[in-house]
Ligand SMILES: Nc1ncnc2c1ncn2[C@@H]1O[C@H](COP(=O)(O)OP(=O)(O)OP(=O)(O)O)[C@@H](O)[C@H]1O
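Here we start with a single chain on its own, the form predicted alone, put down as structure tokens.
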């Protein structure tokens, strides 16, 4: 619309005229060459009268399976006793696609041409890709006879991945699709990888390969008993899978990590999924949480699998807290219940607000079996975190200096300590661009700045509230107390979906 609301703008009109002229030129070029129906002629000639009389069987697949379909086709076409010839099908600009039924009947078609197959490069692993057909006819000749497979991938006009087959009776066509299904499952490129799950604008799943950035065990700063409990619940079941099944025990399990923002829930999760290298690991966060039902179905196909739901309180709040109930909560409960007892599936849920979660999540075995609070680090944990984050810098601090820093940071999060080291390094660079050493004075200046009253929002973003900080004296003087007992008692019910 133009500014007055009366119609298209001049630029829009020009674009339409240009596209329409290109379309007319394309039609004219094909019509004048006498090849407007060459695709129809190819299909008719290959199938013959008997083949064209058979029904067209159609299969729709999720777009993220495009690369798996191509992987299956590449293998299937090389099997003994099968010959296949691939021909690309081109359509006019802005045409939304066609069907194999139209190619057989020759009706309702734009001018089509045969060309070299158009390919799109799709990821089939971290850092690797596979060329996949987008609009192509496969002319097949094998023990079933001669038939045609038509592959159409998603494009700018639609989000569908469609495979059609003509020339065989329905039972034989279904057998071909069954063979491809087996190969898609067996050769699935997603199996055993870490995948980030997203939802596109049309509501479809998008899977992205992620290189697992798993911290080593000594970088997970948790009490040893807590870390051992995490490992026992997540990893030991994988180790003793066969023995558990033989004893009639289910493999499904749920793990909930809760606590204030910035205390290391995501870090701990990264450690676990890094250790589960034989599992397909699906990471869901934000909008993708609404696709938990579909993702769980995918995980069952790719098991053993781990499904990570970060900030699950966004979709799994207690039903008694409001008049409405999220359908996503029911999807989550159904997903956790729906797998077979021998399904090797693990759900890992994280939240800053465990008090908001629906109690039914823990009502049955195989939902949430273990809940672990990852709380604010104590003095020993803060000392280990300080050493961990400072190990890459030339730190020059005495034990007495460290003791003071550890005491002053009572009540802070791991995120706060990480930022403290970064700022201390910056303070050192301000004094010496060569970064000779990060000394106690640099850490003190950085800590003073972070604890200054002007840094309230910064502390909140790092998981530390400011309302409870006492202001009884200078920030580094004898009257300083941080944080007050009142803050320590309320930090675990902090409101809002703050990420860490």
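Since we're looking at a predicted model, the values are computed, not measured. Residue numbers count along the first chain shown, from 1.
We do not show the form predicted together with the ligand, though everything after this point is about it.
Distance check, residue 262 to the ligand in the predicted complex, heavy atom within 4.5 Å: Answer yes; at least one heavy atom of residue 262 falls within 4.5 Å of the ligand in the predicted complex.
Contact test in the predicted complex: residue 352 vs the ligand, heavy atoms, 4.5 Å: Yes, residue 352 lies within 4.5 Å of the ligand in the predicted complex.
The ligand contact in the predicted complex: residue 267, any heavy atom under 4.5 Å: Output for residue 267 is yes: heavy atoms within 4.5 Å of the ligand.
In the predicted complex, residue 345 touching the ligand (heavy atom, 4.5 Å): Residue 345: no, not in contact with the ligand in the predicted complex.
Interface stretch in the predicted complex with the ligand - options 410 to 418, 74 to 82, 243 to 251, 160 to 168, non-hydrogen atom within 4.5 Å: Selected range: 410 to 418.
Listed residue (221, 140, 306, 332) with a non-hydrogen atom within 4.5 angstroms of the ligand in the predicted complex: Partner contact (heavy atom, 4.5 Å) among the options: 221.
The unique member of 198, 388, 176, 214 whose heavy atoms fall within 4.5 Å of the ligand in the predicted complex: If I apply the 4.5 Å criterion carefully, the residue I get is 388.
Contacts with the ligand in the predicted complex - residues in 168 to 185 whose heavy atoms fall within 4.5 Å: If the 4.5 Å heavy-atom criterion is applied to the ligand in the predicted complex, 168 to 185 yields nothing.
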